[in-house]
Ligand SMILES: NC(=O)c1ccc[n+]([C@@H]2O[C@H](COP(=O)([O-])OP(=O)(O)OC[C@H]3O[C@@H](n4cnc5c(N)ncnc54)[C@H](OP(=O)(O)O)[C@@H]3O)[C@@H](O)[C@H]2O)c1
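Below you will find one chain, with nothing else, as structure tokens; this is the form predicted alone, and questions on how it binds or moves follow later.
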């Protein structure tokens, strides 16, 4: 589980541990990961953690190799890491743009690339990418963020084609606004949410975790939640127009 120190990643780790999974939490914050793991272990659940920056290939190789040595090949990969402020391109430095690609895209790519030969050899495996509505229909004022989410969705689409008939599945799951610490860590971004978003309720991370658990057992190529989000994006031209007309402007 990447991005497991908070938000959807933490909630999913907790739920899956309670369901009997052996979970491995990965993120950059060692202190937060240790606290979550300690709480799960104290309740008799099996949880492990590895801290590091998975956007770097060498770090990913080292961390995943330790996991393989300790626990073997996982059955499920869940990519919940994400970062990036919502800014126009002229407000975004090249370094910021690169960091937005690091998480979620390169983290997800590097981890999936490490385990894919094992999954293909075994003929099974579940991969879930936690994406954003921005990957379905962009809105103004979040250029680098939108591009990174499109990249993550593109990775899922490419893998879905690659993995046909292999027994390995891949899912891109998109949630509406989630009540996590994201907007506190990215000041100014919440003000750029299109006003149309007010039609959809804010979802707690624990509810997202339950959706992810269901998708492990019943994988789909792509799934949007809640239902209003799912129906809205069935009309991409309308979604694009609404995002533009109710979104942030220069």
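Numbering follows the first chain given and starts at 1. Worth saying up front: this structure is predicted, and the values here are computed from it rather than measured.
Missing here is the form predicted together with this ligand; even so, the following discussion is about that form.
> Is residue 246 part of the interface with this ligand in the model of the complex - any heavy atom within 4.5 Å?
No - in the model of the complex, heavy atoms of residue 246 and this ligand never come within 4.5 Å of each other.
> Hey, in the model of the complex, does residue 126 get a heavy atom within 4.5 angstroms of this ligand?
Residue 126: no contact with this ligand in the model of the complex.
> Heavy atom to heavy atom, is residue 81 within 4.5 Å of this ligand in the model of the complex?
Contact check for residue 81: yes, within 4.5 Å of this ligand in the model of the complex.
> According to a 4.5 angstroms non-hydrogen atom cut-off, is residue 188 in contact with this ligand in the model of the complex?
No, residue 188 sits far enough from this ligand in the model of the complex that none of its heavy atoms falls within 4.5 Å.
> Out of the stretches listed (154-162, 114-122, 99-107, 69-77), which one is close to this ligand in the model of the complex, meaning heavy atoms within 4.5 Å?
Contact criterion met by 99-107 only.
> This ligand isn't shown here, but in the model of the complex which of 192, 28, 214, 48 has a heavy atom within 4.5 Å of it?
Exactly one residue meets the criterion: 28.
> So in the model of the complex, are 8, 53 and 176 all sitting within 4.5 Å of this ligand, heavy atoms only?
Yes, all three are in contact.
> Pick out the residues of 178-192 whose heavy atoms come within 4.5 Å of this ligand in the model of the complex.
Stretch hits, in order: 178, 180, 181, 182, 183, 185.
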